[in-house]
Structures are given as structure tokens and as C-alpha cells.
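Only one chain is shown below, in C-alpha cells, and it's the form predicted on its own.
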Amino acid sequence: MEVRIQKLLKKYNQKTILDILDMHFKEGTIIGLLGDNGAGKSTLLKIISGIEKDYEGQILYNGYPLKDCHKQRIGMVSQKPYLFKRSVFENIEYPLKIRKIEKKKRKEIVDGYLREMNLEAIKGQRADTLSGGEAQKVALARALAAAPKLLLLDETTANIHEEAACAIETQLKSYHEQMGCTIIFVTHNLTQAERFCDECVWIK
């Protein structure tokens, strides 16, 4: 999914958080979004996802304002993901249930991500009891299970050691190649951005 931002202005209590004249995220690319703390990276992801609606300007998705059909194809993993107080399996399964995918197919998809993310051992554990790193992996698996065409990732590997972070990057690369999706990846790690992303965008 292609995303274009035009004349975006976002303020909190009269303080300007984001002021972007024009920004373009090309379809099918992995873009690293970098900037100092407080530059508005997380806020920008919330605006693109449709969570944050209080702003001036325009966000276009494949040339059109946000519609329900776009929302269903957008996945987002926040820096502190919200997980339901249910099992890891049920959390990953959730977006498939609300899309009314039949039970056998749901299990096949969820089992695949449990295996690929090395989460099989904790699939029955309640998600609210997980460590930060485990929670991030579950949230990412849940996002990928919904087959998004636009994936928004906010410091997704920040709470995970380097070896596991590289494994997640490999998983994301594989998903990207299979689906041709657009990934916007917020990180403070320039080395990681250079390794993982096709291009980088800085916001101030």
C-alpha cells in the first residue's frame, strides 16, 4: 500500500508535534523512520493507522483518503503492545476470527506463526503474563496473521536481544517478499535501519 502525507500539522496543547509538508512511502518498500526522542515518530504511525484523528492535512492510501477497506489491510505493533488477557494462541487468532475465517484455516495460520516465532512452548500461556520481548513477538505474530498490506512497527525489537531481533527481521523480510507489503519501521538503531530497510526517512 502506498502512503502519501500532505500538509500534515499535529499539535498538542498548542505545541507543534509534527509539521510535514509532503512525505511519500512507496508501495512494497521497507522504510526506516528515524528521529530524536519527541520528534513525533509514534504519533505519525498512529495518524497513518487511523488511531489518531485530531490533525490537519491529508493522508492518502493508494491515492485515496482512509476507508474501511484500507483499515482492514493495515497492521500496527506499538512499542508497548496491548494484548488480551487470553492465551497467546487466542491473541494471534483474534484478527482471523473477526474476519470470519473458518476454524481449521485459523489454526493452520496461527500454528505457522507460533512455530516461526518460536512461541509454541507458550501458546497456552495468558498473554498478560509474558515478558516484554515475548509480548512483542505475540503482537507481531497477531499483526502478520491478518495479512496486512501496510505494516506499522514502533520499536518492535527494542525489548528483544540482538539475535532474536535479527530472527524477527528475517521473518519480516520473508513476509515482505511474499506479500509485497509496505513496512514503516520506527527505530533509534541506525545500524538496524541500514541492515533492514530499503530506505530511511528522518523527521525532526
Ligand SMILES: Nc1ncnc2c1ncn2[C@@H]1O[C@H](COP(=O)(O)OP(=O)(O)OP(=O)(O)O)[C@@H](O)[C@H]1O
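Heads up: residue numbers just count along the shown sequence, starting at 1. Everything numeric here is computed off the predicted structure, so don't read it as measured data.
Form predicted together with the ligand: not shown, discussed below.
The closest heavy atom approach of Thr43 to the ligand in the model of the complex falls within 4.5 Å.
Proximity of Gly63 to the ligand in the model of the complex: non-hydrogen atoms within 4.5 Å are absent; the residue sits far from the partner. The ligand is not shown here, but in the model of the complex it comes within 4.5 Å of a heavy atom of Ala39. Although the partner is absent here, Lys15 sits close enough that one of its heavy atoms falls within 4.5 Å of the ligand in the model of the complex. No member of the trio Arg4, Glu27 and Thr182 reaches the ligand in the model of the complex with any non-hydrogen atom inside 4.5 Å.
With the partner omitted here, the residue from Gln72, Asn118, Gln125, Gln79 that has a non-hydrogen atom within 4.5 angstroms of the ligand in the model of the complex is Gln79.
None of 163-171, 31-39, 132-140, 55-63 except one has non-hydrogen atoms within 4.5 angstroms of the ligand in the model of the complex; the exception is 31-39. Within 4.5 angstroms of the ligand in the model of the complex, the stretch 168-200 places a non-hydrogen atom from His188 alone.
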